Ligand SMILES: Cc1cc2nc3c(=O)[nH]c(=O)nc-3n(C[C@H](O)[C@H](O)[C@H](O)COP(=O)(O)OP(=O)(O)OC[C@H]3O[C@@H](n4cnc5c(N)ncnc54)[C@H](O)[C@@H]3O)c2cc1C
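Next up: a single chain in structure tokens, the form predicted alone.
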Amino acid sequence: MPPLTGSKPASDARTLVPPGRRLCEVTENRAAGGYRIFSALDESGPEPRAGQFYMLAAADGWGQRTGRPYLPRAFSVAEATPADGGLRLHFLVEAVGPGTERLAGLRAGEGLWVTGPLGRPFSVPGDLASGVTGAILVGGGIGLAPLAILRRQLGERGVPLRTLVGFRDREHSGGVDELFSCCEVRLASEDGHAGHRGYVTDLLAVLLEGDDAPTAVVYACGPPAMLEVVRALCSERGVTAELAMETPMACGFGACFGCAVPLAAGGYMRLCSDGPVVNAADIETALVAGSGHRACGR
């Protein structure tokens, strides 16, 4: 295998995490359309940056004699809010396999093992390109999760924002009202149940037709096919883009080499440590083998 290399984002280095994983208490689990949002109180961890992720495992019913689920699951943090005794972490989940089914079924009072925040976050627009003043957020399905905290953190900096969110159908949708209640969101749905009938990338293509398109950075998270369209659209129009990507992760901090992603210039990057946020110009494709939906694990 060629060397594992990769350009680093202009944002600050990865957040240093406390040694070892931490046992947190689940405080809430509620429905959000076809998804669920569960929250846990982190008493000692640092505040995450938008785009970073945590390795999660339930304290009970995980790694038992039945085997699955066994390894922790990587999840982007959707929001982090101050709370008495620490920081309340919020995660968006869709039950699609034994790991996500267990996390989706967490109840208040249960224990949740967390390691994080891990990985490199989204960059500030001005750090990516000169003359850039705005941002376009593009989320697909459950991939809208890390864009929620990004919207807040960019908003606190006074960055003008436009938010585009797309879903497959009503069953595979949710989280907009809960995570984006204070801002305008343009919706797309493949089945036409909400907003534009079609893909969220249709909405992005229209925005990028304007002469002022290069003055905004595109931040995207969603299924690989969506991210690949975003990458291609931005490349064609000379627009800077960062993508929050997913590959199978066993450790979350670069030890297992299971999340290697090919770079456009040759070589590879470990998505968990050199990403998961990557500059779209640095990769040859967002269609990475083994990647799935931004539920980040099954």
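The structure displayed is predicted, hence computed values, not measured ones. Note that residue numbering follows the sequence shown and begins at 1.
The following text describes the form predicted together with the named molecule, which does not appear among the structures shown.
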item	value
4.5 angstroms heavy atom contact with the named molecule in the predicted bound form for M249	yes
R120: touches the named molecule in the predicted bound form, heavy atom cutoff 4.5 angstroms	no
The named molecule contact in the predicted bound form: L128, any heavy atom under 4.5 Å	no
4.5 Å heavy atom contact, R237 and the named molecule in the predicted bound form	no
Partner-contacting position among V217, M226, L164, A74 - heavy atom within 4.5 Å of the named molecule in the predicted bound form	A74
Residue (of L112, I149, L92, L137) lying close to the named molecule in the predicted bound form, criterion heavy atoms within 4.5 Å	L92
One stretch from 150 to 158, 195 to 203, 120 to 128, 94 to 102 that, in the predicted bound form, holds residues within 4.5 Å of the named molecule by heavy atom	94 to 102
Partner contacts in the predicted bound form for 117 to 149 (non-hydrogen atom within 4.5 angstroms of the named molecule)	I142, A145
